[in-house]
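Next up: just one chain, as structure tokens, the form predicted alone.
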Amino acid sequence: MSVHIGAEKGDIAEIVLLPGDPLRAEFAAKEFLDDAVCYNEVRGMLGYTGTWKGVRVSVQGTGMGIPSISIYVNELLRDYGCRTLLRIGSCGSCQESVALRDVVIAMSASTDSAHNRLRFAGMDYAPCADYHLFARACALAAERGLRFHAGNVLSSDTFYQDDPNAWKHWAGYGVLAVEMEANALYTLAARAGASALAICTVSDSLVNREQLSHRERQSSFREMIALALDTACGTTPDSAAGKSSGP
């Protein structure tokens, strides 16, 4: 066991999907994985291990923000030997061309957090995705005909900004969307020599203030979860649905 994950050695697969919401971890495990077993309930941050098309996979909730995901990623890498980590989450579009339900595949992750300034003694570090995971995700998304965008995202420390137009500065430099975790995930994976990628579904738009309902999010997230699983496992993308639709 680690401090925040109540699993034994061997309970967690080398491939781990990382949703922020622990209930999304439960949803992904039960809808997509075969023989899913819950290995963690510490602090309500659910974690499951099962198989996807014969490949062993875990799904671990991380909570919201850089401090929270950093705790879980550190322990997964250090204490459980995980080697391939994919964030599956939501994001807010900051480009007119990036619409609701679109998939954003994060090639790199900027941040307004100071966590890497502290780590690198005031210098800038540019964390990016693992190339092979990134290239495969883009290829699979294109094969499926998904509306997707690949590029830079912003991992923000602040969900509710005092300045409601702060996102526009980042948008002016080509940032596609705002989320809260990818920058830390990429940094920690790089330090450990592991592979990481963040794939997000656009759940709201900072440009026009549109947003998906809870029901619409669940339907759209299915495509993202299946894409992440096939990307991580190197399996054939024969279905974008979960077990209930018979992948």
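In this text, residue numbers run from 1 along the sequence as written. Keep in mind that what you see is a predicted model, and the values were worked out from it rather than measured.
Just so it is clear, the following notes concern the form predicted in complex with hypoxanthine, a form of the same protein that is not shown.
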property	result
The unique member of Ala129, Cys91, Leu86, Leu176 whose heavy atoms fall within 4.5 Å of hypoxanthine in the model of the complex	Cys91
One residue of Ala192, Leu206, Ile66, Leu46 in contact with hypoxanthine, assessed in the model of the complex (non-hydrogen atom, 4.5 angstroms)	Leu206
Touches hypoxanthine in the model of the complex: Leu197 (any heavy atom, 4.5 Å)	no
In the model of the complex, Leu33 touching hypoxanthine (heavy atom, 4.5 Å)	no
In the model of the complex, Met180 touching hypoxanthine (heavy atom, 4.5 Å)	yes
Hypoxanthine in the model of the complex: contacting segment from 182-190, 198-206, 37-45, 50-58, heavy atom within 4.5 Å	198-206
Residues within 4.5 Å of hypoxanthine in the model of the complex, restricted to 126-165 and counted by heavy atom	Phe159
